[in-house]
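Presented below, as structure tokens, is a lone chain in the form predicted alone.
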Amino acid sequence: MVRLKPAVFTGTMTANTHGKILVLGGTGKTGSRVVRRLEARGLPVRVGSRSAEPPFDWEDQSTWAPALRDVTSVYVAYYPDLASPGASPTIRSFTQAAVDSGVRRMVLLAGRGEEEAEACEQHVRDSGVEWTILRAAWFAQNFGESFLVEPVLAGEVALPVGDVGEPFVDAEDIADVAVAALTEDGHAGQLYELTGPRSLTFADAIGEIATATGRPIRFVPVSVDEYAAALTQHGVPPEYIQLLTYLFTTVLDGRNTHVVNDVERVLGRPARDVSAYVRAAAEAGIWAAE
């Protein structure tokens, strides 16, 4: 592997000495929360998205330099996922561009148990910047802010996953840890595994949503072929189908069932339980029947 050119910065940064902070995926589930927290602290933030000004597009490298101008720290949430084809060379190229532009600190959001994503992590580790890796469990918000909303509203969630526990993590916790890593000392060179405080199956999670909403919602385990066929019928792009089936059949094979207390270790408080998210989302009307 060709090593990236090392950064010249060798010191540490604090919240008081930050330059501009670029938040890639700044309109997404974790990025938008990171942006809100940084703005609430009065820190200079640049949202990295195709709709921002200047725009940022992972597939258009000409947008990278303008987005990186005057930036000293970056939160990297890659779309669609670090395990997707082409992610590794893209992250390598972006990391080199960031180093060349003067970025000193980088926080990378990754997934637990994604072996394909480890090459992306290594590019950041080898860059010479102060790096922090956040390996997150399955987001609790996927039930209320992503592709599972429609099935929940329809009253039936069919997925190719069996009786496997997952310690669903709240995106609010991810954002809190990310902001700490971006703005505080002591997180450089750390790999944090971010999980909720307990593991429960997808059937259990759907059951909690049903209880909180007072609506009948069934969880139905299906085969990978059945799931892929249903996604195809709904017009989901083949590359996204491939990613989803990979996540459900490989990452959710039991390798990530264990709970890790890194959220509490970083923040000094327990991780939020998925039930707290479910109750709050239900009260907000996210799954309210029309």
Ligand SMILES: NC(=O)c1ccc[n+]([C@@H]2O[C@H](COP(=O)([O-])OP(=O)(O)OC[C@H]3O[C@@H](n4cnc5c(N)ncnc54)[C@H](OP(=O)(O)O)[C@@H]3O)[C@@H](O)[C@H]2O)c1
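Start at 1 with the first residue shown and count on from there. Just so it is clear, the structure is predicted and the values come from calculations on it, not from any experiment.
Although not depicted, the form predicted in complex with this ligand is the subject of the following passage.
- Here the marked residues 151, 218 and 287 all miss this ligand in the predicted bound form; none has a heavy atom within 4.5 angstroms.
- Residues within 4.5 angstroms of this ligand in the predicted bound form, judged by any non-hydrogen atom, belong to 133-141 and to none of the other stretches in 151-159, 210-218, 133-141, 179-187.
- Within this chain, residue 57 lines the site of this ligand in the predicted bound form, having a heavy atom no more than 4.5 Å away.
- In the predicted bound form, no heavy atom of residue 192 sits within 4.5 Å of this ligand.
- Contact check for residue 80: a heavy atom falls within 4.5 Å of this ligand in the predicted bound form.
- Interface residue remark: residue 50 is counted as part of the site for this ligand in the predicted bound form, having a heavy atom within 4.5 Å.
- Residues from 23-37 that approach this ligand in the predicted bound form with a non-hydrogen atom closer than or equal to 4.5 Å are 25, 26, 27, 28, 29, 30, 31, in the order they occur in the chain.
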